[in-house]
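One chain comes next, on its own, written as structure tokens: the form predicted alone.
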Amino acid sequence: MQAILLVGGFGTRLRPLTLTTPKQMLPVLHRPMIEHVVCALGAHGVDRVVLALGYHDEAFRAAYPDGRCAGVDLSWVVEPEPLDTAGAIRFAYTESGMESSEGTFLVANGDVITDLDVGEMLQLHRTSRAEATIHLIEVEDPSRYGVVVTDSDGRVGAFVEKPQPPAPSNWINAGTYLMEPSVIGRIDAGRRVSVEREIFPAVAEDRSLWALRRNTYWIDAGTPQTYLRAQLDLLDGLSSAGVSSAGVSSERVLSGVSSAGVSPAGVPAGVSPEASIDPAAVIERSVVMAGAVVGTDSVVRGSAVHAGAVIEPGAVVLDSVVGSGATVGRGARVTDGTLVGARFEVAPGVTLSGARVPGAA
């Protein structure tokens, strides 16, 4: 099976982390987010992934110059202008040569990490002779999602994008689709077309849209809260999706000592062996990536510290993300979902809570 991965968005909800890096290239547990997504698809029989690129497309090409990602063949197309979700699907399908295969294909949002069994979804798709089948997940607040109403067999009766309360259902579009080539014929070329607002409602009207309702592990890692939670969920083993943290030792490299002085046990698995951690630092349930430096008497808890970042002595990082090459100054406090952008410096002694630094221009 072939798949189209939608990765062309601007990642505005994760700024400033995405000012220079596309969202799906941000690291999640020591690997780019996209590798977790592609690896999970490959585990369910997808052997080729086409990236529908837009924002900072060069970052993807530079990362995978040999056309392989997580063991799966990779190719890409770049939209000349934003075409919305359905427009991007059509463009990727036609420009990548997928139309020559004439078979069922998969579409997924590039910021969704899930344990979905694509094989089970494909079985429903085929037995129901659906034109399109979508994965649904149940949430408490469906107001910011596409809400889907189905009958007992799974046929979709209504597809309502981001409804006003009360919503007709708590089952939402989870961002993984199986489609027949006929869906492409429904999408106008050369204009912005939304698969959620135009195409799925039209397929549902023709009684050809089906849904698999499965409360498997699922997370849209596109917000500050969910991006951090995805890291910690994978660290905690709550999901089997994506690549493992193989190569991440349970030992820490301690600054200022030889390899003989490496702590032998009791160190969180989320700490890269290529990070430099002072013996007097406290790290709890966090991801600390290669080349990061955590100084004496500092505390990192429930957080992600990207590659090459520096947490100076006495600094505290709680439930936050420190971008690549950034510095949290001596005695500073970064808490409550703060995002520190790449190579930015938080001044010594400063307290930040729920901040984004640097902020919008």
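All residue numbers refer to positions in the sequence shown, first residue = 1. None of the values given here were measured: they were computed from a predicted structure.
Absent from the display: the form predicted together with a small molecule. The rest refers to it.
Look at 293-301, 23-31, 39-47, 326-334: in the predicted complex, residues with non-hydrogen atoms within 4.5 angstroms of the small molecule sit in 23-31. Interface residue remark: C69 is not counted as part of the site for the small molecule in the predicted complex, having no heavy atom within 4.5 Å. Contact between G270 and the small molecule in the predicted complex is not found at the 4.5 Å heavy atom cutoff.
The small molecule in the predicted complex is approached by L53, whose closest heavy atom lies within 4.5 angstroms of it. Taking the partner from elsewhere, P82 is found to have a heavy atom lying within 4.5 Å of the small molecule in the predicted complex. A heavy atom within 4.5 Å of the small molecule in the predicted complex is found for exactly one of T150, N109, N173, S286: N109.
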